[in-house]
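Structure 1 and structure 2 below are two forms of the same protein chain, each written out on its own as structure tokens.
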Structure 1
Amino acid sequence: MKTLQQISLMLNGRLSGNPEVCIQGVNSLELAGVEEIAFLAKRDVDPAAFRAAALIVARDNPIDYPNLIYVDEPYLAFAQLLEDFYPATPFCAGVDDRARVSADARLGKNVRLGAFVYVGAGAVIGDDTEIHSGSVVYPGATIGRSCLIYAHVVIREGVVVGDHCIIHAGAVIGSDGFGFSRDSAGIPRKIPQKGRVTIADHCEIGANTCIDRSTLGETRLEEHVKLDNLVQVGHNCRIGSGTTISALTGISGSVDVGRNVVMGGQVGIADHLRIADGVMIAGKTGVSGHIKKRCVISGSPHMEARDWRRMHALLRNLDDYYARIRELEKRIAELEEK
């Protein structure tokens, strides 16, 4: 429990209202009760519809409400409150008796391993990292400090995971890249995948996401990359810092993605492409060529979003255009007969 005064100071905000009001929890705007705080992103709303004890709003929001905390970034402030009111609790304590750790693996201080975790020979796990039940850390893999690895994650040999990373259940890091060459009989022959995956600090990998090891060298995620569930990152890719990639996106091999790129869901990217910093890619876009400058793209094959919207506006009227053209052709034919 905290007072509004305490919350305002913690968020570096400006309080308007009663500083002694006690807040018991944090909730969504629609569900927040009389002892809870919520955040408001919109401006054109009816405050009479809300029951929250207080609202977190942007500093220029004109809403009239009994208790308000004005901040620069309401959503980030709300996230900070969630962390404060509902701190993460360890899933396990110490190393479970049913975990198996190779004799020459190195565990840092306060490492926590759940039941049936396997840590292979020569693997290194940093201080304060927690790995949940059924996960496998292959020989020679390295995991940094203060990481959280959920259940049934596979981290293959030679993979390097930085500090403060989160990997959700079922993810596979370092699976073989999809590399094959056909022989004279047309039979696919496997190209050995002998590189590795490197994940820098503060990355988050969604559930059942797969990141393939490189043929040679490395597949690399830079700092603060966030991948949603069911994302596929092909071999020898580089994902620039601050990039976010939504669910069901597939990135082919040797793609170089710039910094702070935003990809919607179900994006597909062909191999050996370069995507510039700051590009925004709408959901279901098929990227078939290099994107050399910051822009917003849509469609398959991709094009700038404004062109895609204009094209689809025309497509909606295609039947009408076709009928009109046929009618004009008929009239022209009649005139030519005369």
Structure 2
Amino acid sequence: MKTLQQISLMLNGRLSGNPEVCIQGVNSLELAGVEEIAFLAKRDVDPAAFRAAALIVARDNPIDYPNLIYVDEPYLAFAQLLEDFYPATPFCAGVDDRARVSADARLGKNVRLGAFVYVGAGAVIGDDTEIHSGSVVYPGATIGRSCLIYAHVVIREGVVVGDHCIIHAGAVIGSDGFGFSRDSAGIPRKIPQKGRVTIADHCEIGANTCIDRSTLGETRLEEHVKLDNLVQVGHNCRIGSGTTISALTGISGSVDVGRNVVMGGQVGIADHLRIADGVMIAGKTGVSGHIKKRCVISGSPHMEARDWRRMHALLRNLDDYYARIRELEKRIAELEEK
């Protein structure tokens, strides 16, 4: 519980209304009750529909409401409030006696390991990092400071994870790249995958997502990359900083993705392609060539989203046009007979 005054101070906001009002919780605009605070993203809404005790709004939002906190970025202020009102409780305090840490692994200060966590020889785990039950850190892997590793994560040998990363349950970092070469008898033979995965600071990796180690060198995620659940990142890829990738997307080997790219779900990218900074890729897009400049793409094979929409609008008339061709043929035949 906090007063509006306290909340406004915390958010570095400007308060309009009663500073003594007590806030019990944070909620969405539609669901917020009379003791809760919500945030308002839009303008031109009718405040009569809301019951929230107070609203967080952008500094220039002209809404009229009893209690308002004006901030620069309302959604991020809301995020801050969520964390403040509903803090995550540590999964464990210290190293559980049923975790197994190899003798020559190095744990930083305040590392917390759940039961049945395994940390291999030579692995390094930075200060304040928490690893939940059943996760496996292979020999020689390195995890930075203040990371949150959920249950059943697998971090293979030689993988490097930066600071402030979150890795969700079941993710596999550093699995072998999918590399085979058929011998003279046509049998696929494994190309050993001896590289590593490097994940920079502030990345978040979704549940059951897989990032393959490179054949040689590294597969690399730069800072602030956010991967959703069940994403596949192939070997030798580089994903530029600030890029977000939605669920079930598959990125083939040796793809170079720029900065601040946004991919929807179930996108597929063929191997060895380059995607420019800031490209937006709609869900289900199949990318089969380089994307050399910032644009929005869609479809499979991919094209600019507006072309794709136009093409699909045209397709709806195909039947009509075929009929018109047949009609033209009839009319021209009549003319020719004359």
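This one's a predicted model, so the numbers in the text were calculated from it and none came from an experiment. Residue numbering: structure 1 sequence, from 1. Basically, rigid core = biggest C-alpha set you can superpose within 1.5 Å across the two forms.
Here the chain coming from the form predicted alone is structure 1, while structure 2 comes from the other form. When two forms of a protein are overlaid on their rigid core, residues whose CA moves 2 Å or more are considered shifted, and H272 is not one of them between structures 1 and 2. The two forms, fitted on their core, place the C-alpha of K42 2.4 Å apart, compared between structures 1 and 2.
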